[in-house]
Ligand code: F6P
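Before any questions on how it binds or moves, here is one chain, the form predicted on its own, in structure tokens.
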Amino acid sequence: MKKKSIGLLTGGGDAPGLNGIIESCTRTLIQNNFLVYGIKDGFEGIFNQDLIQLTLDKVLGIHSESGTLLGTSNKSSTKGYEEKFLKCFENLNLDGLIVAGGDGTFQALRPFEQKIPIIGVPKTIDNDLSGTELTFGFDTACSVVSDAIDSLRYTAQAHRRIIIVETMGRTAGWMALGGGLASYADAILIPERPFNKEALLSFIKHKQHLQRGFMIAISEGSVAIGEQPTVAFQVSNSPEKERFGGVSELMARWLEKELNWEARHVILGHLQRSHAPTTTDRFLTLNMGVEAAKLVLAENWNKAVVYRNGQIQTAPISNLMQAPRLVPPEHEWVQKAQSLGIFI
């Protein structure tokens, strides 16, 4: 009997844990007599017919590495190329497709929900994907943020400075909130809660006479009331053309002027993506990868492996094809920050 073959694709921005998905899916499927093929560089690999056979020797041990063995891309989309994409996929002669991606990846797959046998695995360091309460990569990224704030606090105190740490997140503040709360930052600014400039100045002025340093965690899409997010640059061929960034530097200069308190900024950028996955993310990808493979074995297509109520569960893949999941204004973490006297 001819072995069935499954494609494995990682799309969008890289996230710690992608290699864990690749290893756990591949090992489980090979154990069950499947052939597994990795599709290179996200959707581009389908358009370019670029794939490699994944064997045990290629995947053993990669779960501990950051990045993705297959490469990825957040610049390619299916919009306007739906017929070509479907034809290119059919030419690969695969029996199904496992996709680890974020909102952009699954939005791009919406037209093929009933045309291609797909299993979805939600991935983003921003933790803003609908349909799941937790995405792999988020815990690692939060650890990078909290470690940075913890370390920089010593410099802030040594030099009597404000230090502002800017995180990724686009329109969602999960990373700044999680990392800022874990490190007990003095202020946490997220897009979902536009801040009052006068209230922030008053808060910092009070602290200026009580402590040598002041730490702010700010998400790249954060704004003051009535203002717009800071756009760093644009990528013309990307589904999300505007890339946010630079708000921390603008805030540092503004606070120096208003408070006469020296301020510095640090943009963590891709450091949040590039660290080896934490134990939490390793367990998450191990379980998600095995469950994704089991859905393939059961031919239970067009499903997603999600994390809800403390468990790995199965849901319709359409659950991942919705608007980003933002931080509720009165989320439990927001309330915890307020209980600690953190400005948020």
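Everything numeric in this text was worked out from a predicted model, so none of it was measured. Residue indices: 1-based, along the sequence shown.
Below, we refer to the form predicted in complex with the ligand, which is not included among the displayed structures.
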How about R243: is it within 4.5 Å of the ligand in the predicted complex, going by heavy atoms?
yes
Contact flag, K257 vs the ligand in the predicted complex, heavy atom cut 4.5 Å
no
Applying a 4.5 Å heavy atom distance criterion, does R161 contact the ligand in the predicted complex?
no
Spell out, yes or no, whether the shortest heavy atom distance between G120 and the ligand in the predicted complex is within 4.5 Å.
no
Note which of I125, I149, V247, L189 lies within 4.5 Å of the ligand in the predicted complex, where distance is taken over heavy atoms; exactly one does.
I125
Answer key: of R193, R153, H265, R170, within 4.5 Å of the ligand in the predicted complex (heavy atoms) is R170
Tell me which stretch of 203 to 211, 125 to 133, 105 to 113, 85 to 93 has a heavy atom within 4.5 angstroms of the ligand in the predicted complex.
125 to 133
Taking R27, T68 and D281 as a possible spot, do all three reach the ligand in the predicted complex with a heavy atom inside 4.5 Å?
no
Out of 264 to 280, which residues reach within 4.5 Å of the ligand in the predicted complex, heavy atoms considered?
H270, R273
